[in-house]
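One chain follows as structure tokens, the form predicted alone.
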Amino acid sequence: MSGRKFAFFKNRNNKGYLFILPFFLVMLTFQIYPIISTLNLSFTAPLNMFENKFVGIANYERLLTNEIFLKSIFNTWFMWLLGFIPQMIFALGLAVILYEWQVWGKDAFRTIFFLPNLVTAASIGVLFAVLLDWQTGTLNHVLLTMKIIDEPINWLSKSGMARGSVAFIQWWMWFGNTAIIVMAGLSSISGELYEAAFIDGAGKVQTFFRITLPLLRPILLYIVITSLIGGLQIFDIPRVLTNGRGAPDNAITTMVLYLYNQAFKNFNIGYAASVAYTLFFMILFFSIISFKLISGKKQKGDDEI
């Protein structure tokens, strides 16, 4: 009997399943089961401390009419785009300069620009909370010393400045990492293409837009999608800067911060689960759109060539 039971693993080709079994057990326990459980919770509402009742799509209907959630969607997209667009511009410019120009100590520059990624986002949030404090903050102290301002500025007291501060932090954290990824893409482009273009009379601007950018599309696609996924899940910086309040007037309340407050402050787990799935489908939809747009342009360019 025992021989039959383990006959499957007597075949040497089947023994590999034993090595991948722990991975699938962990994935089923900590990934698949939570995903299915969260979906089930999104259709429920708390009945008491220990029980939930089925409410259908009521949680999703509530999302569509909740002003704070709708504002959190705007905040999330606005702060991501406000940080991502200059991030891409600076990263492309920095990558081209460090890769094509003979900059002294460019390896050291790459290390310095990458340093913010070695620090946790929560720590970065604490750092900027100290720097931006309107009473004792370093930034106000420096500006007052240089006579640039006459009185301290409360950077997080107005909606525009609060969102701009979060966007700046996101840009500062990630443009170095993006530049390094772009440099890796630049190194894969054959120098013969540039030589042939220069022989035909093309300038650096023309080669950048006709050779560099088209061949960087796979790298740019990766950057856009990963930045989109991370940007729409921004939580740490707004959470630390405002102690979870998203102040002023929920100006930097993001979708994930709203989810966190609903789940762990209001203990409305079912409603928070519906927020999580709404965010999931939003990320999925726009990731597919980004992939189609960028890969579609690439295909069109290949056909023209």
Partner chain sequence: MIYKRKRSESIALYTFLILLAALAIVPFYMMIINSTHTTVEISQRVWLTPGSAILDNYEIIQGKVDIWRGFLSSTIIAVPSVLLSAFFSTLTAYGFAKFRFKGKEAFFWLILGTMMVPQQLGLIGYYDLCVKLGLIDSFLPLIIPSAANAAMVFFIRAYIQSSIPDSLIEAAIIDGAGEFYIFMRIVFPLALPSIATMSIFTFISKWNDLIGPLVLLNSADKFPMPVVVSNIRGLYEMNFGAIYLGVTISIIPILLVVITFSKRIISGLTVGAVKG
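Predicted, not measured: the structure shown is a model, and the values here were computed from it. Residue numbers count along the first chain shown, from 1.
What comes next is about the form predicted together with the partner chain, which does not appear here.
Using a 4.5 Å cut on heavy atoms, which of Met161, Val224, Leu82, Leu131 is close to the partner chain in the predicted bound form? Contact with the partner chain in the predicted bound form is made by Leu131 alone.
The partner chain isn't shown here, but in the predicted bound form which of Leu92, Ile73, Leu216, Ile124 has a heavy atom within 4.5 Å of it? Selected residue: Ile124.
Please check if Phe209 has a heavy atom lying within 4.5 Å of any heavy atom of the partner chain in the predicted bound form. Close contact is absent here: in the predicted bound form, Phe209 is far from the partner chain, nothing within 4.5 Å, heavy atoms only.
So in the predicted bound form, does Lys292 come within 4.5 Å of the partner chain, heavy atom to heavy atom? Contact check for Lys292: no, nothing within 4.5 Å of the partner chain in the predicted bound form.
Check whether Gly231 has any heavy atom within 4.5 Å of a heavy atom of the partner chain in the predicted bound form, and answer yes or no. Judged by the heavy-atom cut-off of 4.5 Å, Gly231 is well away from the partner chain in the predicted bound form.
Indicate whether the partner chain has at least one heavy atom within 4.5 Å of a heavy atom of Ile148 in the predicted bound form. The answer is no: Ile148 has no heavy atom within 4.5 Å of the partner chain.
For the stretch 103-125, which residues lie within 4.5 Å of the partner chain in the predicted bound form by non-hydrogen atom distance? Contacting residues: Val103, Trp104, Asp107, Phe109, Arg110, Thr111, Ile112, Phe113, Phe114, Leu115, Pro116, Leu118, Val119, Thr120, Ala122, Ser123, Ile124.
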